[in-house]
Ligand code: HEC
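Okay, here we've got a single chain as structure tokens, the form predicted on its own, with questions on binding and movement later.
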Amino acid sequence: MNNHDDNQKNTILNDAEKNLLMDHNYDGIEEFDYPLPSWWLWTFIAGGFFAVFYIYLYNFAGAPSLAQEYQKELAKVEAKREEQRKLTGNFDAAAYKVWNERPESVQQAALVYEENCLSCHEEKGKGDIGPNLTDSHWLNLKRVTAGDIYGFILVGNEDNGMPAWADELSKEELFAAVKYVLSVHNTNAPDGKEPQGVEIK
């Protein structure tokens, strides 16, 4: 008697398993022919129907392609950015004066600086990747006024690593950034970065 016969003799099968046991064996190894789970089978069939529907929809029914959908969404984003630019594009000295006189403006200025400017200009504006804001030297300005600082923060200077914030900050947040820069200007932090640019008195 070989090993296969020993295995059959020592294996106890119920009636259902006997019907599922396949006739062939390999080196004494036998296998059952279990049917696929019904949930898997129905998922496979549903996937086939979905594939047919998808191919028809995007190849014959005129549904927008991924590129077209991307352009549509991009247009929406650009429209939002344009609205933001209209709100922030021009420095309103009167509005800045009113905002600047609010008691909470100091706290808001510190918060906006911490969240958006600290990583480049370091604590209290002493400079790191970005220039030192506490001295009297400037890389991109010819005058040091609230309007000039506002305008520069708005458009930035990519060549010098300064991003444009027009699409990122609200008008009040831009005011806050301006207020913070003016608050640290000429404080001359003792451990600040070396001066860069032109001195403006």
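Position 1 is the first residue in the sequence shown; the rest follow in order. Because the structure is predicted, anything quoted here is derived from the model rather than measured.
One more form of this protein should be noted, the form predicted in complex with ligand HEC, which is absent from this view; the next part is about it.
Shown alone, this chain has one stretch from 162-170, 64-72, 23-31, 44-52 that lies within 4.5 Å of ligand HEC in the predicted bound form by heavy atoms: 162-170. Remark: residue 100 does not count among the residues lining ligand HEC in the predicted bound form, judged by a heavy atom distance of 4.5 Å or less.
Interface membership of residue 105, defined by any non-hydrogen atom within 4.5 Å of ligand HEC in the predicted bound form, is ruled out. Shown alone here, residue 157 lies within 4.5 Å of ligand HEC in the predicted bound form, counting heavy atoms only. Contact check for residue 184: every heavy atom lies farther than 4.5 Å from ligand HEC in the predicted bound form.
Interface residues of 90-129, taken as those with a heavy atom within 4.5 Å of ligand HEC in the predicted bound form (partner not displayed): 116, 117, 119, 120, 121, 129, in sequence order.
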